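Consider the single chain below, provided in structure tokens and representing the form predicted alone.
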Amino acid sequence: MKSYAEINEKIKQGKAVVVTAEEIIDLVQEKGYQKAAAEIDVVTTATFGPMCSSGAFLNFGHSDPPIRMSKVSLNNVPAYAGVAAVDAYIGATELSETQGFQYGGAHVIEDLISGKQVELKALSYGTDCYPRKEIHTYITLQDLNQAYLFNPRNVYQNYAAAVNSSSKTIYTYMGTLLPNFGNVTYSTSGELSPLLNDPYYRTIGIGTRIFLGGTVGYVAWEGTQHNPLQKRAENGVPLSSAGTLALIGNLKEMKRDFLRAALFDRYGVTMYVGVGIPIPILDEEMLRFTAISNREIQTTIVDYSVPERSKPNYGLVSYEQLRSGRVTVQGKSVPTAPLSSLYQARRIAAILKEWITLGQFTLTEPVQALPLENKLNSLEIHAKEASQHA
């Protein structure tokens, strides 16, 4: 058994042994679980993929005379202004009022971290304390008082693979799906993915320090649609979409390499987010979790051509099979394509490993664990209850 304090002391002394979630697999083959658990202190995990549930809180500062902004747009992309006078939240998937699918909130965020000027327009109804009713100006990231990324749902713990059984091409958040089982798309980094290496959230919880968008960030809460009760394999790994994380970090310190806007043809705008999470090897159980390989991680193939909440599925497939480039669906050999970038995930895991090895990044023990019992509700359409008509 090791404690966070013991591991952090080794990090500060430059003596911590850190490997990535890919490197640990070969080390376990060579040394066995017990010896590897004793030698390894930290395993770094990472992902870089489309994460629609992302956005940023911005504070613009007060003009003279001041304004209580009630409607805000940035480069003609609406931002939510129902907070305080000069605060707004720009969501990654919000579309431009003038460019539609070609530009959205993710592009505004990318433009800000790229140092570009962004056009700010705001309207107000005017009050005694905030008499200005309109403002039109240009801002940069450095003009803002605070700008922090707050992503309500990132780092999905496994995600179903997508296929299309219909006779026409469909355009989805899982990419373009070709007719008659023409392709399969999937979107996690497999054996490198953070929550697949800590399936029961023993070390990843509220307050965990992470790599987010090129700088230090934190796990703020369980993510929306967190679903830990998803069916799991014997090794504990969920067989489809399960846990999620809400993440927070300083947008002013982030880098464009790890936070990029993207267009999904005829679907909309999203944002690729780079996340790296260190997992302390507290004991042999954590070592076993992190040594899991693509061969041992399975996900469900789901038919996206059925426009219903409950979609048919075509069984399980391993990430080793998905990464081979072809899988068999309904007896047909089908090409596969990842939506996430393995190249970037490997890069992030390596950067985080370097930060820890150099003593620049220590680990935080969660201040609260993520829930393991959490029923996922759906939205049902009801008539108003009779008692509320009175």
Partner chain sequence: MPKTRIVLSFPPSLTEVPLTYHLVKEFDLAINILKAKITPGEEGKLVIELSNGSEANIQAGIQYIISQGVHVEPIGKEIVWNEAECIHCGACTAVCRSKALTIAAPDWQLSFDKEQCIVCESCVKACPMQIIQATF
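All figures in this text were calculated on a predicted structure; none of them were measured in a lab. Residue numbers count along the first chain shown, from 1.
A second form of this protein, the form predicted together with the partner chain, is not displayed here; the remarks below concern that form.
Which of 172 to 180, 91 to 99, 211 to 219, 111 to 119 lines the interface with the partner chain in the predicted complex (heavy atom within 4.5 Å): Comparing against the partner chain in the predicted complex, the contact stretch is 172 to 180.
Distance check, residue 253 to the partner chain in the predicted complex, heavy atom within 4.5 Å: Close contact is absent here: in the predicted complex, residue 253 is far from the partner chain, nothing within 4.5 Å, heavy atoms only.
Close approach of residue 28 to the partner chain in the predicted complex, 4.5 Å, heavy atom: Taking the distances in the predicted complex, the answer for residue 28 is no, it never comes within 4.5 Å of the partner chain.
Looking in the predicted complex, any heavy atom of residue 342 within 4.5 Å of the partner chain? Residue 342: yes, in contact with the partner chain in the predicted complex.
At the 4.5 Å heavy atom threshold, is residue 66 in contact with the partner chain in the predicted complex? Although the partner chain is absent here, residue 66 would stay clear of it in the predicted complex, with no heavy atoms inside 4.5 Å.
If you check 264, 150, 201, 159 against the partner chain in the predicted complex, which one has a heavy atom within 4.5 Å? Among 264, 150, 201, 159, a heavy atom within 4.5 Å of the partner chain in the predicted complex occurs only for 264.
Heavy atom within 4.5 Å of the partner chain in the predicted complex - the one residue of 359, 32, 335, 61 that qualifies: Selected option: 335.
May I ask whether 57, 80 and 136 all come within 4.5 angstroms of the partner chain in the predicted complex, judged by heavy atoms? Spot residues vs the partner chain: no contact at all.
Neighbours of the partner chain in the predicted complex among 189 to 217 [non-hydrogen atom within 4.5 angstroms]: Nothing in this stretch is in contact.
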